[in-house]
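This document starts with one chain, in the form predicted alone, laid out as structure tokens.
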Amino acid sequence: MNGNNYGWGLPVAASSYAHDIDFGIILIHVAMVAIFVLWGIFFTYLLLKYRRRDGVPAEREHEHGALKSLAPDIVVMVFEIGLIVFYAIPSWSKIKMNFPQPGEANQVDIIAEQFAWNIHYPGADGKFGRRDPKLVHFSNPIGLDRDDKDAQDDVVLANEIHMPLGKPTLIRLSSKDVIHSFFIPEFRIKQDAMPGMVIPVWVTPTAVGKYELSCAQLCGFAHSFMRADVIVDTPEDFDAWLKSHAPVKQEAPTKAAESW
């Protein structure tokens, strides 16, 4: 994790929709501060105007209409409805409904478990190899069937995710055991990984660098150690990295070797 990513405010915005989320966070905080200050001024005015004074008896005034007394609440309600209609729904739709097409994105499966993140890339052919729970082993944490032709060039890593700059990365998120939470603050991503479910998540990184993926859901005694490095490379560096991690194909033995 880069220490320069954090300051007094929000972490640096390093994804295509991070600024949209930041706008909502800032807008809500500004509105809440404004409401707090205005109500504080109003209450102070009431305390001073209607304070107890000698020779002035307390009198109950007749109400002058419910609508007038509800005016502040109506203003707040209109603001909240406008926030939902003009900000929340469009932003939610952009992030959670409009997913990039698999053929136009870098695809990766992320399988969470106590207490690690298993990363599965489809390799140069763009096809994920078959996974079988029966094949899960300490040396094969996702149960990848290497006999499957689509799995021959697949790349499997632990706690290290690479993404190309400026290209959408489409993630299929799942869990092997309990609920985990996929959280990268700079990308403004937080999504629970649920056992028995495959949940799509996507992001387009906008800044080269190293970021931290942490589990934001208490998942067991070693929860605090469940982290991973997220490295955003230039497209050229990403292609070179992926090629360098491709499994080495075992060549068939020659006849001379068979006779020996």
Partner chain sequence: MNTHDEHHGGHHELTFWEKYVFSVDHKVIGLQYLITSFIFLLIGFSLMMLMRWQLAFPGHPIPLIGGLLSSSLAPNGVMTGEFYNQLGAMHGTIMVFLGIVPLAVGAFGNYIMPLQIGAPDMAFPRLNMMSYWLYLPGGLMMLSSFIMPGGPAQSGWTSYAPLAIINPGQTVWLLSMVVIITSSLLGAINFLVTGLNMRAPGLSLDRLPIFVWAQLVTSVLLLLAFPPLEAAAVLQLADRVMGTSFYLPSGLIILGQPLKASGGGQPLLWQHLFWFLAHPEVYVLVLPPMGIVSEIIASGTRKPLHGYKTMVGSMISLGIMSFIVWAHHMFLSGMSPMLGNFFLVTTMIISVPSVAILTCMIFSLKGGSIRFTVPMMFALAFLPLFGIGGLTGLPLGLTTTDIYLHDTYYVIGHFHYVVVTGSIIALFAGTYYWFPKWYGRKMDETLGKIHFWGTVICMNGIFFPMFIQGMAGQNRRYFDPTAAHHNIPTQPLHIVSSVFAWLLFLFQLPFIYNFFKSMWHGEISEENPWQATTLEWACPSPPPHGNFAKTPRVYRGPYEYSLPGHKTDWFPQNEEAKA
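C-alpha atoms forming the largest set that superposes within 1.5 Å between two forms make up the rigid core. Residue numbers count along the first chain shown, from 1. Treat the numbers as computed from the prediction; the structure is a model and nothing was measured.
Quick note: we don't show the form predicted together with its partner chain, though the next part is all about it.
Looking at residue 147, you'd find every heavy atom of it more than 4.5 angstroms from its partner chain in the predicted complex. Using a 4.5 angstroms limit between non-hydrogen atoms, residue 192 touches its partner chain in the predicted complex. Its partner chain in the predicted complex comes within 4.5 Å of no heavy atom belonging to residue 125. Among residues of the shown chain, residue 168 is not one whose heavy atoms approach its partner chain to within 4.5 Å in the predicted complex.
The contact residue chosen from 156, 136, 161, 105 relative to its partner chain in the predicted complex is 136, the criterion being a non-hydrogen atom within 4.5 angstroms. Contacts with its partner chain in the predicted complex, taken as any heavy atom within 4.5 Å, map within 22-50 to 24, 25, 28, 29, 32, 35, 36, 39, 42, 43, 46, 47, 50. After superposition on the rigid core, displacement of the C-alpha of residue 196 between this form and the one not shown stays below 2 Å. Once the cores line up, the CA of residue 26 ends up less than 2 angstroms apart between this form and the one not shown.
Superposed on the core, the two forms barely differ at residue 234: its CA moves less than 2 Å between this form and the one not shown.
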